[in-house]
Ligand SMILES: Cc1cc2nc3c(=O)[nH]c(=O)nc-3n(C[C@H](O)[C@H](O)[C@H](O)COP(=O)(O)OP(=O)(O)OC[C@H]3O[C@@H](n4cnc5c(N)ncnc54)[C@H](O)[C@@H]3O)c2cc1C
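First, one chain by itself: the form predicted alone, in structure tokens.
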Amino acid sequence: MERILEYPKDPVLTFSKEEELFRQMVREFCAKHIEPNWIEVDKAAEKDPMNMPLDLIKKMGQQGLFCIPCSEEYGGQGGTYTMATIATEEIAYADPSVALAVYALLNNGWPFALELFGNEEICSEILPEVAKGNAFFGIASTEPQGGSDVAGIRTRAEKKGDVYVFNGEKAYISGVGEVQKLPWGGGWFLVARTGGEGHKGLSAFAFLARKNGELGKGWNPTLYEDIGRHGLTTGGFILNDFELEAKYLLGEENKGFYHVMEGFNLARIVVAAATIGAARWLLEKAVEWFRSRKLFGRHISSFQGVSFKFAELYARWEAARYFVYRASRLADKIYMEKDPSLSPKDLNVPVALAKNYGPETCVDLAEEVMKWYGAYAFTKEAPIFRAWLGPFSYVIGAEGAQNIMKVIIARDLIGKEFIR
């Protein structure tokens, strides 16, 4: 596919030579393996959620698209968070339904969070399998009563000897099907209550529903039928006396709220990267349409009602892209370079800006492109709707609702005592 829009000539966010070579490698892989197949992946999984692209996931693992920022000693790629961001954007451009991009971003952001808080034994056990595409590792915080209220989590983990016993329910969790079908299995960065009420009673775990091909007892999954982003499963599970060895505790007991919040900051960067990748694809589809479609003997882009709106949305895409890469470079400063002048909390506002701006820009752009396409966009022959429904999941709440991003920005800039 001809690429009409390239990256803006931007001295602020110019890629290094290594990053540019990496981007080209990812782009070539995507052009060969993802671009020609993404619609069929979406169609097949729409009919049956368990009809997931396992062969493609394996190829992505072989290409080194998972665990990019994780240490090589744990089977990771030893790259940077900016590289993970680049990869996610390119995968989303190739699959603007963002299913494969979301699979990739989950298996970059949360494995990196696992490495931050997990002990050497469990990192050595889990991360190599995720990196190879044999296992899934995502996030499991959302429960039926709500996703944004992490402090209100009800799933309990009671320590009995050298195991934790889990009881409760998780909902709207990505990867429930993949964990069941990938060769090794996998699980999630799961948050459960180990203490009293509120955020100080929560702990985080490397929760493995299935490992070495064996399902754990007491894990009862179900799959949902989503309206989009079909190439990645979403579901929930009920835990009935599920036992997990105590070594899978991440960080300190009853500190899980702080650990998962740090993980969300990392994950939201690559979430936003997926939406700007899909938005870039939509911008190109708009330009292609403008150059071919005429109305009253004129190209439709000659009407200011069309071209001005395009210009506004392009400007929003550039702004969103800036927010995304500013956040990823800041993450590198904090976690890779370990800049002593910075702390993980310095990511709060930059990440919230990226997550707030990227998904809404992408969805608004998709809606406008569908209007420009007219009736054709309302048919399944036109793929635009697939790039609308997938990113919409990030507007309605996945990885943090949009209003939560606004709360974070206001809280950190005004002061939390003035926001309560």
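When you see a residue number, it is the position in the sequence shown, counting from 1. Everything numeric here is computed off the predicted structure, so don't read it as measured data.
There is another form of the same protein, the form predicted in complex with the ligand; it is not shown, and what comes next is about it.
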Note: the ligand not shown here; in the predicted complex, the stretch from 134 to 142, 249 to 257, 337 to 345, 304 to 312 having heavy atoms within 4.5 Å of it is 134 to 142
Is there a non-hydrogen atom of residue 172 within 4.5 angstroms of a non-hydrogen atom of the ligand in the predicted complex? yes
Exercise. Considering only heavy atoms, tell me if residue 195 and the ligand come within 4.5 Å of each other in the predicted complex.
Key: no
Worksheet item: Given that the partner is absent here, does residue 404 sit within 4.5 Å of the ligand in the predicted complex, heavy atoms only?
Response: yes
Exercise for review: Report yes if any heavy atom of residue 393 sits within 4.5 Å of a heavy atom of the ligand in the predicted complex; otherwise report no.
Suggested key: yes
Partner-free chain; cross-checking the ligand in the predicted complex, the single residue of 167, 71, 148, 119 with a heavy atom within 4.5 Å is 148
